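Have a look below at one chain only, the form predicted on its own, in structure tokens format.
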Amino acid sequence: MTSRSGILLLVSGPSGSGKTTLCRRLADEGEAHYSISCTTRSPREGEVDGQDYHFLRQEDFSARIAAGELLEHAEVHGNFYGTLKSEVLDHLAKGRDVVMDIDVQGAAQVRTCHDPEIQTALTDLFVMPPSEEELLARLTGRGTDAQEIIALRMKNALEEMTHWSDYSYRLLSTTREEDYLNFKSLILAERLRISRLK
């Protein structure tokens, strides 16, 4: 029987596009490993270390950067976020697919990674909201944020959406079920690639 190498699927899209829901559902169904990021920020109420994030001290994070243990990293609002190579490479080596919910800057860093295993495994998808009006409705619908936070999220989302053409695939969001059907179809198709067969 032929075995195959794992897929590394980078999934980006603005806040409110549904990308996190898609990634988590794929993982919950046992179809892929959901890559857990590490961060130097403090855990929020209810967050669990190793499940929501790997919570690291600033010195530990910096040491891991220096040791080349991070696939990508960035500073956001004074805190560091990143992806440990071990969160990805160990799974790919076993033929397991990995999905990463990642922003456009992080995705760009992963694309420039020279590790041959990453380059062989890599594919990427941008999840695009159907319209600006729908995106605003989704951001407002959470009902937890002040108007100025929603305005900032909307501004950031519109800027992020200008990067969709950097990706191999684009999913134009419709309904949760249809989005997931298309999302799962992509991973199933990628598994058929001859270049992934060992």
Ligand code: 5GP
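Residue positions are given as counts along the sequence shown, with the first one as 1. All values derive from a computational prediction rather than experimental measurement.
The same protein has a further form, the form predicted in complex with this ligand, not shown here; the description that follows concerns it.
In the model of the complex, this ligand lies farther than 4.5 Å from every heavy atom of residue 169.
Of the heavy atoms in residue 93, none are within 4.5 Å of this ligand in the model of the complex. Taking the partner from the other structure, this ligand in the model of the complex has a heavy atom within 4.5 Å of a heavy atom of residue 72. Residue 153 belongs to the set of residues with a heavy atom inside 4.5 Å of this ligand in the model of the complex.
Think of it this way: in the model of the complex, this ligand has a heavy atom of just one of 102, 125, 99, 121 within 4.5 Å, and the residue is 102. The stretch from 24-32, 127-135, 161-169, 38-46 that comes within 4.5 Å of this ligand in the model of the complex, counting heavy atoms only, is 38-46. Residues of 76-101 that come within 4.5 Å of this ligand in the model of the complex, judged by any heavy atom, are 76, 77, 81, 82, 83, 101 in sequence order.
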